[in-house]
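The chain below stands alone and is given in structure tokens; this is the form predicted on its own.
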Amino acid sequence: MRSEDGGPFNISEMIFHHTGDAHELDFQPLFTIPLPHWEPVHIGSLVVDLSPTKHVVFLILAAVLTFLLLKLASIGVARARREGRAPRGFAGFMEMFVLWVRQDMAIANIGHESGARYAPLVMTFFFFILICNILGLMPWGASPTGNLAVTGALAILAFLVIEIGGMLKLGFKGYMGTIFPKIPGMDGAMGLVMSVALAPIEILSKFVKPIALAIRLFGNMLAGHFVILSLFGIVFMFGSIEYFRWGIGTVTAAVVLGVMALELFVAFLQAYVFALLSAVFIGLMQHEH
């Protein structure tokens, strides 16, 4: 097998081609769909390219699928309630997940008072990220969560909800207490000095949390694709050697199958971790202590 330019097969070229963003949808060896390219927008010295890319297309697809899954589930649950029975099939399966996210993630970590209010956001994080992760494991698919811009945008949204929600709940004085914490047992001038000294650390921690959310999700999803594609590359590297061809192909296929199963688990786990930690951070800001 050769690379796209006709040269010898290059694993790194294959990996970066399939994990990187592009201005086309690649369905090789069948066909390729070029995406429209728009003129960049100039904002002062800043040039912003708003042209759609492969990750943008799959991002929109994930959003549509998230909406359809939850909408169909809500229709099924509403029909079951009208008929006076428990939801069955797809509606019952989705209701189990929704109640799990609502009760065990949102309300358990944010509290009964505010948890129900933030449950739709936590639920959206979970299902949207899960679908984004799974799309990257489909044939010709792409995982938007393997793009740092996407995970960064999700983390910024979580950061704004955490901080603004905390300010609205605690008030200005209570919110400032999260920046200038009162040290138990330390009053007077020394307590004031310690509060001021801890302020930079508290401010830094507010930004570290969303950064950790973004990098954890991005790193785990990108690394998984790198491992799978690297294993596939072994088949092509040794495919020209007749003696190794069938043995390497069989062993690699078995290993890739196992890694794909692991990646399905990681896709679920990373959606769970992002949603859970978002709920934990929101809950921490809802209480002054």
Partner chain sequence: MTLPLLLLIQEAEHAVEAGGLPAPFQPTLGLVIWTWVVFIALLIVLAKFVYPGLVKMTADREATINQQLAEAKRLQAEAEAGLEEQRALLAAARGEAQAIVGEARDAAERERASAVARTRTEQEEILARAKQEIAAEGERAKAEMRREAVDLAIAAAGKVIGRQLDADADRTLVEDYLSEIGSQA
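Numbering follows the first chain given and starts at 1. All of these numbers come straight from a predicted model, not from anything done at the bench.
What follows is about the form predicted in complex with the partner chain, which we do not show.
- Against the partner chain in the predicted complex, the set S51, A78 and V150 is in full contact: each member has a heavy atom within 4.5 Å.
- Contact annotation: the partner chain lies within 4.5 Å of heavy atoms from the stretch 120-128 in the predicted complex, the single such stretch among 202-210, 120-128, 179-187, 133-141.
- With a 4.5 Å cutoff on heavy atoms, T66 counts as touching the partner chain in the predicted complex.
- Using a 4.5 angstroms threshold between heavy atoms, I156 counts as touching the partner chain in the predicted complex.
- Although the partner is absent here, P87 sits close enough that one of its heavy atoms falls within 4.5 Å of the partner chain in the predicted complex.
- In the predicted complex, at least one heavy atom of W38 sits within 4.5 Å of a heavy atom of the partner chain.
- Although the partner chain is not shown here, in the predicted complex the stretch 55-90 places heavy atoms of H55, V56, L59, I60, A63, T66, F67, L70, K71, A73, S74, V77, A78, R81, P87 within 4.5 Å of it, in sequence order.
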